[in-house]
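Let's start with one chain on its own, the form predicted on its own, as structure tokens.
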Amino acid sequence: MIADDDEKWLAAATAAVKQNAFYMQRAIDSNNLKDALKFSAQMLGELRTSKLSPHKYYELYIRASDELRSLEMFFRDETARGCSIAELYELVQHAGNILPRLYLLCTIGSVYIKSKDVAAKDILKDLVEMCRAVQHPLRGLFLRSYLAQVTRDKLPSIGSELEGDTETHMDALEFVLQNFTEMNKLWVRMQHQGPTREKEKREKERNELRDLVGKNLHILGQLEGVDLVVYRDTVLPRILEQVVNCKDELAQCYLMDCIIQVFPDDFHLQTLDVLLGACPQLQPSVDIKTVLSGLMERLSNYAASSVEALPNFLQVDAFSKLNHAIGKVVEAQVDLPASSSVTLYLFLLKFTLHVHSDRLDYVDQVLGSCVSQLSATGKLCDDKASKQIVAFLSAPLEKFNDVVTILKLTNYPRVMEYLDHDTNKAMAIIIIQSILKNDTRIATADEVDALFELIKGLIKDFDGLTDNDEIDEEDFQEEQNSVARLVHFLYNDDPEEMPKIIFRIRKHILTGGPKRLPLTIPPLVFSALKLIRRMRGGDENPFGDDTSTPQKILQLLTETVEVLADASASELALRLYLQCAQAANDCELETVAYEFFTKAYLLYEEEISDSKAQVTALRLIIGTLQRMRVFNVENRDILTHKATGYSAKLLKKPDQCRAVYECAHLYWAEEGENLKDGERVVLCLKRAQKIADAVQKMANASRGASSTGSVSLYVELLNKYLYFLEKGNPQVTGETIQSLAELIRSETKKAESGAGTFITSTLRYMEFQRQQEDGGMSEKYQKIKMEWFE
């Protein structure tokens, strides 16, 4: 209803303006001054209404002010035809109502100033004083806006056609400041016009009119006569006086922002203490973070765009002033939200990184100030504040692209302590990603300690949280994989420092729970093994102390993998034991290697019960043992006998067969004659064939079952015989191979076999080797009769 009434009143007032404007224009066309003034006053009388909302009143004002341009041109033409401008100035003051009279006075006043018949300062002073007659907030605000509009290009500033002496320039400045002061008072008073229940609506309407007041500051910013001295001594104090004294939240926030945006950067820098001194005096409800962040952002951009300006920042000690001002604001505004205070320090940090990127002590000081503020709040539960903290901590990372530099900031981890568990982990991921992206090397044990202090949210559980808590498995895996990749960036070529790094990494990683250890221990083990092999290639004793020898590090790995075995990761622990055994073999540490194999065997016997896992583990054991050269005959026989025994005890016969013929490799090594025992090789192969025979009998006994599986075992055995034949095992004869081949042939005739391709490929290979003319290999295959090959 109210909106409909507003539209009706606006339509009626607009129609009246149009009608009177029509008659005014007709009087102008006929050079009838009296009627022109009469109808223009009636037209302007429509602006006396109190029925319209500010938005609708603005539409009416625009239409009326547009019509006044024709009247202004008419006044100018009248003076050109010899009419006295002074008489016109007096004549318009006879209008019956004060509001139309003042609009007409402003219009003729602008022409009067342009004529130069009188000092501009006198007319300006007269106009700004007489406008005080209208004290209605809305009507007075638009009247003074019109005054600023028509006099804007007629102020006697430096460079204008009305330029005068210095005192005249100050008069123009005084005029703008006075008009700004009165407009601000009217704007602030608007909040009290009407019932309390409509206060929110009025504040919204006031916000729409703010540019009318701010226009004066834009004019001040463009006046050529306003240099640094004038701004510092006159303009800024007068404006700040109004800002502070009005005690209005909307006005203070907007006008402070206007000051920052309108006047030059250098002015702000040279008057920083004055501008900042006003901030604690603002109303507690003012969004001070927007004001200060805007100031710091502008100064940061100024520093980034002008290298010559950097000495000025140092000269005025901008950092200390900003830091002190933010502290005062935070102290004065007790109810300031944590997110707002963090935002203030975020922009101060960005300012510091732009202007004083070489001063880590300044950066650390900002972090410390933020810690002091957060100490009163405890851990942040506000998502907005947490996001601001993440942005706050990310700023130095993005600037330096070097985590090593971040580790020098003592207050950095103190800020992270105020993050909740999830946000702390997110920040830790950001730090790790920075290291991986920028290929940053963490090269000392102390740096490792500092880094793990930052990412401890990923390494261990926070207070009150356990691994049993519900977590997203995919996210958890990704987090721990990031930690695993990180371990490989903790590296130093110095053989004395690298063992210290390994020990520190172990200390931190072992604080993780059983869910983390299987993901984080392996990279630690492989990093240590890499160090051990590098030690082996160095001097005989390059380390100077016993704690950094390969044997000591392997002992450390023994204890480390034991922890993993206790964390229900037996299969992984077995793999790592075997890797460590290979490293001990490379370093010719027989006792240590034997110990690792012993632990691997114990795990196999006691912890690994799944048949598939047993098969995989046994293949790893056999493969690793086959490459070991450090063992004496006795130790090797013991380990080999154990592995062979495990093979015969596998649950499934085919798995037994394959494991047993794989054990044949344990008796035949290329590197030395003492590791070649042809009889035992053949013994393993024959034992495997017996198991394959048993599988074949079971297949034949099963009605309707195919013998594919057992035939495949025979073919695999045939390939093993061929391998050892080529390697020169004298115990492998052509008759033995011929016998096995005939067995394969007979079995394939009994039942359709899916191993046909495998058999055909093997036979073709044998025929190919027989036809070779190089002598050695061909002679070995000539011993095998191939008449049965079709």
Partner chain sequence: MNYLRGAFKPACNISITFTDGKNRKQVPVKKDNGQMVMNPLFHSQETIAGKVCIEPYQGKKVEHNGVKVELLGQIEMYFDRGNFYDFTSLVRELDVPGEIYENKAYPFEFPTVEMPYETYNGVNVRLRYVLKVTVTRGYAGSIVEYQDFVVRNYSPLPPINNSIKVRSKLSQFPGSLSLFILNPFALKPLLASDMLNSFGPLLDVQMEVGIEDCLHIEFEYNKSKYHLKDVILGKVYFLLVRIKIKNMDLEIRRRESTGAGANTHVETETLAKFELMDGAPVRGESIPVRLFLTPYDLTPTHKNINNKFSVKYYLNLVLVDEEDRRYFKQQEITLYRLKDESS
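This one's a predicted model, so the numbers in the text were calculated from it and none came from an experiment. Positions refer to the first chain, counted from 1.
FYI, the form predicted in complex with the partner chain isn't displayed, but the following is about it.
With the partner omitted here, the stretch from 431-439, 348-356, 265-273, 123-131 that lies within 4.5 Å of the partner chain by heavy atoms in the predicted bound form is 123-131. This chain appears without its partner; in the predicted bound form, the one residue of T511, S611, S84, Q193 with a heavy atom within 4.5 Å of the partner chain is Q193. Site annotation in the predicted bound form: the residue of N632, N207, Q135, Q551 reaching within 4.5 Å of the partner chain with a heavy atom is Q135. Within 4.5 Å of some heavy atom of the partner chain in the predicted bound form lies at least one heavy atom of A95.
Shown alone here, E297 lies farther than 4.5 Å from the partner chain in the predicted bound form, counting heavy atoms only.
At least one heavy atom of K185 is located within 4.5 Å of the partner chain in the predicted bound form. The partner chain in the predicted bound form is approached by R139, whose closest heavy atom lies within 4.5 angstroms of it. Contact annotation for 409-432: no residue has a non-hydrogen atom within 4.5 angstroms of the partner chain in the predicted bound form.
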